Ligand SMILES: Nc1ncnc2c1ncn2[C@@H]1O[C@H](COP(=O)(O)OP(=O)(O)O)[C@@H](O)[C@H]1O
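Below sits a lone chain in structure tokens, taken as the form predicted alone.
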């Protein structure tokens, strides 16, 4: 996804979108602007007060009777600086936290709304980088950079006003250098932006590598891939270091160049200012205190110029982060409900369950075409009718279309042609939330959330009682596992459930699906991760749970589906054979061959073991 970003230009539209998020806290921005305007005012008045001090105490007629008055002025300025500095540090820190929080919230909300297909195509590391390093970096640059920008702009404006009021001829020298700095900054920012985008892209790859290494730690160990993984990660880090150094060098060239231009202005002010003091230019004369004021203001003037230049340079660096966050926030889900459907049923984050009709479980695929991409169709003119309460098993080779049928049924994807009817109505006429609230789904690779066993079962039904939780565990024979644990249902399962065995995790995921009391139950290779002994324990429970529910089972172990009401042999997206276990064996076709070969292999494995 990084490759799709344009590296050639600065995008103001991206920053407008980020600014909309910040403007939700207008009072914070207004407060910052007022505080920094006051700081700038003090910065401008202090040199003026100093020049007046020189005249009063070191001029031709010094007046030391005013010493306490001027001392009071400086004390007041010091106290005001203390208050204002505390205020802008507090406000900038608050804006940084608020911005990071809002960016993460809006990004996470969008992640909840995005379709299943998005996660199929997007690396986890890319998403993690958006929620962590990118949002943090962006919030930091926006908050503290805005402080520099507001102060710099106000200070520059105040100094220019004072310079022109005091002696406009010298003020022209300073003014003439401003467009030179702006032109240089504009030309150079493309170079810096391109360099920073490359750094952020590599950073996303490193985050993805971290994530992959954590998730695949066991595979890495068993395949002895530590050296290979380490080399690949080292190469990524070296690439990151190389690109970061290049970006730093380019940034390092920028600021000294601005500084050189600034001090050219200071030098010219010294030269011409001294000439005016001595009356070299057409007899025009300025006093020493005015020259002091000019030199002080000229030196001061280029500090805010540097700060503003730094702010824009940091915006170049942050644009890569901003683009990625905005692109994620603005990503549209592939599967969405129509406006009229949302009006009745609500959306994913704001459902209206009180309007949900009861789902009976009659399912029909009516002339369905579907393909994951433009290369070809997985299903073509696919038709299937299933009555409520029927258990349907899908068997076939990998890539035959079994999981595609289930994904379409769950509305993780939608048909490119044709329709899927649930209880006689196209399921697009009801909401995604309505369908998913009536689904129970058990995956091949069980995933548990970090928390207790009870918490994980309650994800299936938030308002379930302890009795319902225990009943769900008992139905799938997981209560025996729970009894052996010291903390029972309050046992912490760890991240991803890694404190439990795969079989135990699968049992808990079964209970989570069952406590929901779904009208449609999906078992996607659900027993493939369970050992034979555990499989025997829960097979009877599965048969009981399937009664009264429409159940789709995707299975490689044919022994687990022999009691299914309907077995479909899927080949190249088509139904090649359909019937019960005994009917298909009698046909002596594809199912017969699959069953025979698997039966022989299992017998041989048992004899060897």
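Positions refer to the first chain, counted from 1. Since we're looking at a predicted model, the values are computed, not measured.
What comes next is about the form predicted together with this ligand, which is not displayed.
Listed residues 487, 357, 330, 120 were compared with this ligand in the predicted bound form; 120 is the one with a heavy atom within 4.5 Å. Taking 399, 353, 267, 179 one by one, only a single residue has any non-hydrogen atom within 4.5 Å of this ligand in the predicted bound form, and it is 399. Contact with this ligand, judged by heavy atoms within 4.5 Å in the predicted bound form, is confined among 501 to 509, 135 to 143, 370 to 378, 83 to 91 to 370 to 378. This ligand is not shown here, but in the predicted bound form it comes within 4.5 Å of a heavy atom of residue 404. Not displayed here, this ligand is kept clear of residue 427 by more than 4.5 Å at the level of heavy atoms in the predicted bound form. At the 4.5 Å threshold, heavy atoms of residue 312 stay clear of this ligand in the predicted bound form, well away from it. Looking at residue 434, you'd find every heavy atom of it more than 4.5 angstroms from this ligand in the predicted bound form.
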